[in-house]
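Take a look at this single chain, the form predicted alone, given in C-alpha cells.
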C-alpha cells in the first residue's frame, strides 16, 4: 500500500509499504477514505517530539470503511467508521473512568520505558505518533490496523459526507474537551491562544457551552477572521499588548478561563520565546511555552486554565508563582475521544456544529508531502488539509 512516512526533520515521503494484517482478535483493518494533517503532526515534521524512527507511518486523523475484522471485533465489514486517535482497551482502570487517553494497555510494554523515564508513568497509545506512544502506524495511508476496534470507532451512517464527521477523530473532541475543562458558567469570558483547528473548535465549543465572550488570540489574519466568524472577539498579538487588552476587555478582572491551543511551538519575538527557540533548535528537550506563560499571567484570580496544546519535554521560566498565588485550576491531557464521539456526532447531525468551515485545501494522499510543507510554512492560508487516498 501507499503511505506517508517520516524520515527526519522536514522530510516526509510517500512510500510503498506492506499492507497491515490482523494481529489480535479485537483488530480491524480499515480502508482509509479520508485523512487529515493535524497541527500536532507539525511537531513531528519539525522533529521536536522524541521517539520517531525513520519509516514511521504518520497520521492520526482518519476514517474509512471496514474491510476485515478479527473474531472479537464488534465492527462489521463494510461499515463506515471514524477512528479516535487515542487507542484504548476499554477495560483498564483509566478506561472505566472514561480517561481513555490514559489507557494502561494500549502502549505495548516494549515501548513504555521511554515515557516512564520522561513523564513518570507510561503514556497511552496513539496512532501515527511517537514510539513513546506505542509506535502504531498511522492513518495517512491506504489501510490501517485498528487495535481494540470494539472500543471507540464511531460508526457513521451512509450518506453522511466524510468531511462532516472526519474531525471526530481528534480536533473536534479536542476543542470540545478544552472548553469543557474550563468549567464554563453562563456569561463567562474565555480567552483562547491559537486559532488553528483545535483553537477554532475550542472557540465554537466555548460559545455552545454558554460563554458570554470568547477572545481569540493569534497573528494570522485569515485564522483570526475564522474565529471572528464564529462569534469571537479577536486580538492580533503582533499589533496589541495582549495582557493589557485582556484586562481592558474584561473590566480589569482578566478572563474567567483561558485555553492554550498552541502548545510546544509558540511563535513570536518575545524574549522568552526566542530563548526557548534557541534551546529547542539544539535539541535539549525545551518546549516553547510562551503562550502558556501568557495565559497563566492573564487569567483572573481563581480562574481556570485548560491546556489542549501538545507539550513533550520541559519548560523553564515558568510562572509557578502566578499559578499558586492566584489559586488557579489547571486541566490538560490528550483527549478522551471515546467519551465524546457519539454526543458530538449527534450534534453534527442536528446541525449544531459545523466541522467543515476550516478546511482550506483538499489533496490526494500522494500530495501529502506538499501539504505538510505548506501547512507548516503558510499557516495563514493553509488552515486545514484533508487528504484522500
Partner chain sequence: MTDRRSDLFPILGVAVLALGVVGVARLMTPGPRHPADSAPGRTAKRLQFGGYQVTGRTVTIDAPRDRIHAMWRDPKQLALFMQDLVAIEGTPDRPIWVIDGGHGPFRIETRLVEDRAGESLAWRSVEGADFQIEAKIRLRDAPAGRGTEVEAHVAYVPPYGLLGHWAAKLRGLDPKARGRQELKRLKMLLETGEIATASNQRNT
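These figures come from a predicted structure and were not determined experimentally. Positions refer to the first chain, counted from 1.
Keep in mind that the form predicted in complex with its partner chain is not shown, yet the notes after this line are about it.
Using a 4.5 angstroms threshold between heavy atoms, residue 110 counts as touching its partner chain in the predicted complex. Taking the partner from elsewhere, residue 24 is found to have a heavy atom lying within 4.5 Å of its partner chain in the predicted complex. In the predicted complex, no heavy atom of residue 219 sits within 4.5 Å of its partner chain. Contact check for residue 135: a non-hydrogen atom falls within 4.5 Å of its partner chain in the predicted complex.
Residues within 4.5 angstroms of its partner chain in the predicted complex, judged by any non-hydrogen atom, belong to 100-108 and to none of the other stretches in 100-108, 195-203, 315-323, 222-230. With the partner removed from view, the residue among 183, 236, 116, 244 that has a non-hydrogen atom within 4.5 Å of its partner chain in the predicted complex turns out to be 116. Just one of 75, 92, 207, 297 comes within 4.5 Å of its partner chain in the predicted complex, counting any heavy atom, and that one is 92.
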